[in-house]
Each structure stands twice: as structure tokens, then as C-alpha cells.
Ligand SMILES: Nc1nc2c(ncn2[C@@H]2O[C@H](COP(=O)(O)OP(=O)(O)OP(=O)(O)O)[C@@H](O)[C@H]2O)c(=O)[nH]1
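Single chain ahead, by itself, as C-alpha cells, in the form predicted alone.
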């Protein structure tokens, strides 16, 4: 999970509030110190940490909870809002036809991120063309072409030509039929005059709608000065922070860039080509605090699950809380398409609080085994799980090549999942969030199914 250490510390703060008998001055000062420690460990600037915790402390002590909200919930809401304000810096990337120019220093992950962005936009339904304008790094064009082949996106480049602006001009002409053109530019070890001039020449040739700076989040608080320097040189309109899954300095990079008023539009959350996530401060903080992010979960499911009818059934099951082993099989297949289990679970409210109790690698293997077991069941058995007893369990186990104990483990997991889905269906707030994300689905039928 992104910023796993910070997330765990923040969830400990929320748990401290929840377990307290009363919200008083002593508690507020305690959680303020805990928040300071968590943010400093995540490399957030000391001055910013003091500012945000002082505001939280002042509001928690002086504001009265709104009607119908407890003091504990009000303090948690204040923490959420102030944390969001630390990182909120405007809208993400507009989903429209456009030219995007990628800039950044050498070694920041620019070419890989260019491929990730192309895949993301392709999944949104846009035709995308990539232009390889990095004329200095050996193998840069080859890398871009390999990425393009993997995601089925056309790449234009001119091996041997050192005139980046001319390559871009020719590439734009080549891709006149594409809705989105992304230009991968050269990097350097430092923002020097020759790089600035080349970027200005490429900008003139491509007339980009967006100039996106790619930054490695491992630079921590130095991400802020780098963003300001590139903005001054070429007019940065958006920032993508890479390697947010594996660095303790991610909090510093996020907060430092946000304080420059640069738009953080995406974060890189892993090495896989799919691991690029639109940045939304509200949703991001909700996940760190253990509140989940059902909006992103449903959106991810929409993009990864091609079968719209299956997607609607998944939503109906989540809302109604009534589902069979057949439904569970569909859900497991959907989850496997949506990426690592830990990432998916972090989007479900409450599940991130259980991260210490979950062995995600073992869970992933168990999901694969459960699918094999269910493949050995009849349709009747999957639709009526209560039928699976005695001799049926033995038959299924032999067919799947597993023990009867493992078949019973699946049935136990099914019953637990059924209870969990039922609790989601009874939670009006969660149900409302899910319905809001269903888009053009038949919401009346979803409600009637309860």
C-alpha cells in the first residue's frame, strides 16, 4: 500500500480516539503529538507539520460538533479535512483530446510513466500515440517501443536523429488522427541551459496542452524545489510522483509539491504497467485513515471488468448482501483483474485496519485454490452452497486435488464473506457511495434487490 507506514500510524491515531472514553484537552494534545510524530516520520516538512497539527488542535478544542455527530466523529472529521487541505491542489488531468509533454530529470521513471499514462488513457477510450523524443539516452526509444507493444499503442521515433523538435513535429503529423499524443523528452542529471532550451523547442513544435513533470518520490522534500525549478523553466502544469509504494519519503514529496501549487495528477504505485493512480487528496487521505475508497474501487472495477452485466451484478451483490458461490467466483475473478489484493483491500472501509493480520501473499494463493475448488462444483452446488455436505465435499475435494479440510475452508470463507456483504448492504452511507458510482446502471433495480 502507498505510504503504508504513515497510514498505519494515522489509523492508530483514529483507533486511539475511538477507544477513548471522552474527548477532552488531554486527548486532543495526545493525538496532536501522535500526528506530529507520524507526519515527521513520513518526511513531511516540520513547519507544515506544526501548522496542520496546531489547526487540528485549535479546531478540536473550540469547535462544537454539528447536530447528530459525536465529539469523536467530529475530531476524526477535522483530522481528515486538515490532512486533505495539506495535499489538495486542484483537479486532475482532464479527460479530453490533447497533447501531453513529459519532462523530468534523468532516472526519475519518465519513460516508464509515459507508458503507464498511455495505458490509462487508452482504457478511457482514447486513441493514443507516443513520440520518442529522448535523443540522448541509449535505448530510450527501444524502451518506449517495447512499452507501446505491450499496451497496443503506436510509437513514433527516428533512430539516429538528434533533432528532438523535428522528431516531435514529424510525430505530430504522423499522429494527426490520434485523440491524445504523449511526447517523451530527454532528461539530464540537472536542469541545465541546454535541456531547458531543448524543452522550449519541443514545446514550440508540439504546442502541448499539458507539461507534466515526472518526479521520483524518493527525493522527498526536494521534490518541491525541483517542481518550482521546472515550472520556472518550462511552465509545468501537472506532476506525477513515481515510486510512491516503496519510500518513506513519499509524504515529504507529496506535501512539498502540493505546497508549490503544482497539480499532482497521478502517483506511481508499483512497477506494473497498470500501477498509475489518479491523485485525489480526499480519496487518498480516506484510504490512509482506514476509511476506504469505494468510489475508486468501483471505478477500477468498471475499467478492468469488460462484462458490464457482471459488473452490475457485482454492485447488486455488494448492496444487497445476498450472493452465492457463483457470485463469489465472479467477484474473485474480478479482484484478480484489479491488481494486488492489498491494493484492492485498502479501498474497502475497515479492511486496512486488519493489514497486520492478513498475509496477502498467502491470501492470493488461497484465492487461486478456491477458484480451482469451485471449478469442481456443479452449477447447482454453486447456486445453493447449503447443498455441499458430506459426500459432496469429498467429491469436490477429489476433483480439485485438495483435501476436504480445504473445501470446508472455502465454505467457511464464503459464509464470512456473505456476512460482510450483508453488513455493507445495511450501511446506508456505503450503499449511497456505491450507488453514486454506478453511473448509467439501473439504480432502481439495485435498490429493489435489497
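It should be emphasised that the depicted structure is a prediction, and the values quoted were computed from it without experimental measurement. Residue numbers count along the first chain shown, from 1.
Note that the form predicted in complex with this ligand isn't included here; everything after this is about it.
**Student:** Want to guess which of 227-235, 130-138, 153-161, 365-373 is within 4.5 Å of this ligand in the predicted complex, heavy atoms only?
**Tutor:** Within 4.5 Å of the partner lies stretch 130-138.
**Student:** Are 109, 187 and 245 jointly within 4.5 Å of this ligand in the predicted complex, each by at least one heavy atom?
**Tutor:** The answer is yes: all three residues contact the partner (heavy atom, 4.5 Å cut-off).
**Student:** Please identify the residue among 280, 269, 206, 255 with any heavy atom within 4.5 Å of this ligand in the predicted complex.
**Tutor:** When this ligand is considered in the predicted complex, the option within 4.5 Å is 269.
**Student:** Can you work out which of 289, 105, 119, 180 has a heavy atom no more than 4.5 Å from this ligand in the predicted complex?
**Tutor:** In short, 105.
**Student:** Using a 4.5 Å heavy atom cut-off, state whether residue 143 contacts this ligand in the predicted complex.
**Tutor:** So residue 143 counts as contacting this ligand.
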